[in-house]
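Read the single chain below, which is given as structure tokens and is the form predicted alone.
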């Protein structure tokens, strides 16, 4: 079940202009790049991207960039502090008449899960609390992908990383609820597989002033261990199994924008990935797979009970 579309009915309705040119040095099949491409098309080119050190930093290495928008590089801990400085500078320039208001820019933080859930969380918490008017896009590939795929607090239960060879023993931090507890005007989860849902959420957030926060599941061929051509298949399976819920919170009120009528077993999503191979080979570990399935079932049982009429 999908919510009614307000702005876009199909991918044919998405803007045709490309803000990112082809030919970046990122990995083939990078889900984060697809997400940024779609997000930027809808947001428009009048933006300055504040990038926390991470995989996406490789996209714009001076003097080369595939972006038509501006780019500021920061440490992993400080992209939201950088956004504060840029927003303040733009506002001062406009108030003093040195920048026409029609040349205003959207300030967009682009950060991975390591920065978003771990090192940069304090500066983001402060920015949301101060009511900073900015966009934040977290590309969540569920580990520190740029430095060798070490576990982050976004790494899901029982997933293999460079620092959890037997499987991550903890559950993933819930960044959606952490952000929502700060009472920003808009928080959403998105998937590049559902481009229309992604575009709808950007449009719904556009008129709101304050922090507008998006967390996207970013499929990662080298880190997750799958062929690049399978990226969209896995993104689709993440939604269809219910592992990656699509939802939004407007002024704190939550609704799911897609509720899978018949969820596929989580095995369909787990088994094609090398990071979960230890759950299936050399011997199947049914208790570990069941723990993941039970967590997904508990989430959706509660969601359906609260959102279905």
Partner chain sequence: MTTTMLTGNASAAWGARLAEARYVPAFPITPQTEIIESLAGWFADGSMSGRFVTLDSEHSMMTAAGAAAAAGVRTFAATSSQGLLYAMEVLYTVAGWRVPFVLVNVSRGLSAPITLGPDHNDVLAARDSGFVQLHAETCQEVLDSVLMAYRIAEDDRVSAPVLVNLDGFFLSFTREPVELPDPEEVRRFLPSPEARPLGFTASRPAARGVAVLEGPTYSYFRYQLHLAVEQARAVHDEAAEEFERRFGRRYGAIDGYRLDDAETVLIMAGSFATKGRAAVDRWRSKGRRVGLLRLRMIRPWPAADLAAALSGRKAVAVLDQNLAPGLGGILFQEVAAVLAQCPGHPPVLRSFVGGLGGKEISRGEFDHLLNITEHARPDEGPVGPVLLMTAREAEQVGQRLRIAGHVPEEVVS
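Model, not experiment: these values are computed from the prediction. Numbering follows the first chain given and starts at 1.
The same protein also exists as the form predicted in complex with its partner chain; that form is not shown, yet it is the one meant from here on.
Listed residues 146, 161, 153, 123 were compared with its partner chain in the predicted complex; 123 is the one with a heavy atom within 4.5 Å. Of the residues 249, 33, 279, 60, just one reaches its partner chain in the predicted complex with a heavy atom at 4.5 Å or closer; this is 60.
The candidate spot formed by 257, 290 and 306 is out of contact with its partner chain in the predicted complex: none of the three has a heavy atom within 4.5 Å.
At least one heavy atom of residue 88 is located within 4.5 Å of its partner chain in the predicted complex.
In the predicted complex, its partner chain sits within 4.5 Å of a heavy atom of residue 70. When contacts are judged by a 4.5 Å heavy atom cut-off, residue 74 counts as touching its partner chain in the predicted complex. At a distance threshold of 4.5 angstroms between non-hydrogen atoms, residue 130 is in contact with its partner chain in the predicted complex. Contact annotation: its partner chain lies within 4.5 Å of heavy atoms from the stretch 91-99 in the predicted complex, the single such stretch among 91-99, 193-201, 220-228, 174-182. For the partner-free chain shown, nothing in 228-257 comes within 4.5 angstroms of its partner chain in the predicted complex, judged by any non-hydrogen atom.
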